[in-house]
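One chain comes next, on its own, written out as structure tokens in the form predicted on its own.
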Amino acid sequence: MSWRSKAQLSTMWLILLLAVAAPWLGMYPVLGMRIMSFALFACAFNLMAGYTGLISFGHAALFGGAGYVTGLALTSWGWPTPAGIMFGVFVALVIGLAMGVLAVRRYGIYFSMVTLALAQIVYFYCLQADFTGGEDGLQGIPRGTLFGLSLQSDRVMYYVMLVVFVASWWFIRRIVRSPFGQILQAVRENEPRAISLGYRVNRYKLGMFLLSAGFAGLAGAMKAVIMGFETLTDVHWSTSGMVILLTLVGGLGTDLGPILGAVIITVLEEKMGAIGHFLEHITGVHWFASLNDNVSMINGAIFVLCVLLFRRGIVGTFNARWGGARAASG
């Protein structure tokens, strides 16, 4: 194994151990589950944008759409929790297929605009449909049981989500390193050359779009079960923008970047009030107390700093600089 592979493997094991121990170290399990939900969502987006070069502005439709139908299946139809989650993933795949068939023949900003337009159709449908609850959202989604194990305990649900996330992340990593993933990376780098070699590029793009849609749907379905409700925020275009932010901050086209981005942004959104009061206490500047009302501004500032200082995201920049330093010293 190369030094980089060893370093990545050690980092992965350290992150896994910290995730397993987190509820016993004082972390609120629901916060951990929210981080993993958004991290899986970001990994799904990264699978398509980072390794195929397709920037979608419509992933919120997959994430929130799966959450809504999972909630419908569990609350109104009385389905078991695993069946409801799988139904959410299936609906995300159907939405992804419709998006992909229409969008993969377009390039660049035109691809992004097609996905955004289709996602807005899903948003306005959810706004008007009876089962979604409109602006009030879909409330009272039960966690139920999983193979006879009650999911009412936050700690039990946390470890179920951890297993789902780790398995999904590992599968995504295997996809990227498979011949299928290597072809898509070749398409990202030089699509005309891939076409000249005989690859049916649009089919490969559609396949990756469906894989990304499935994992995004899984993230949305799990979040709905974890939180017990689903709102229009998850299908709004701002959620598509948020997942782009998570991925770019952590590092587009890296294994751990989306996870780091999800940790940073989610913790800031959840704990901004406490951070603001702490900064006010140590600096005496009263403005910091209002940070909780300006989370979007802080996220925007983080994005600007990453663009200026970490053009490849935090993980991507670290890998490039550390790799260059190791090569120079070696």
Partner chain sequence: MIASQKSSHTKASHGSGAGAPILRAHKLGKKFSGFAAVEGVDLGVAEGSIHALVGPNGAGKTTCFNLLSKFLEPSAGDIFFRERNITRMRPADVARLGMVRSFQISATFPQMTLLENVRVVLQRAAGLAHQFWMPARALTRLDQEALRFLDMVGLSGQAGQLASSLPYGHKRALELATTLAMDPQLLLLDEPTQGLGHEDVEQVTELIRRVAQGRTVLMVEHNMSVISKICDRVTVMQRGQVLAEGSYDEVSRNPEVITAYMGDAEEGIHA
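Positions refer to the first chain, counted from 1. Worth saying up front: this structure is predicted, and the values here are computed from it rather than measured.
What comes next is about the form predicted in complex with the partner chain, which does not appear here.
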Taking the shortest heavy atom distance, is Ala186 within 4.5 Å of the partner chain in the predicted complex?
yes
Determine whether any heavy atom of Ile175 comes within 4.5 Å of a heavy atom of the partner chain in the predicted complex, and answer yes or no.
yes
With the partner left out here, check for me: in the predicted complex, does some heavy atom of Tyr204 sit within 4.5 Å of the partner chain?
yes
Is there a non-hydrogen atom of Ile95 within 4.5 angstroms of a non-hydrogen atom of the partner chain in the predicted complex?
no
Out of the stretches listed (85 to 93, 175 to 183, 216 to 224, 235 to 243), which one is close to the partner chain in the predicted complex, meaning heavy atoms within 4.5 Å?
175 to 183
The partner chain in the predicted complex has a heavy atom of only one listed residue within 4.5 Å, and of Val122, Val104, Ala194, Val160 that residue is Ala194
Proximity to the partner chain in the predicted complex, single hit among Phe131, Trp77, Phe171, Tyr110 (heavy atom within 4.5 Å):
Phe171
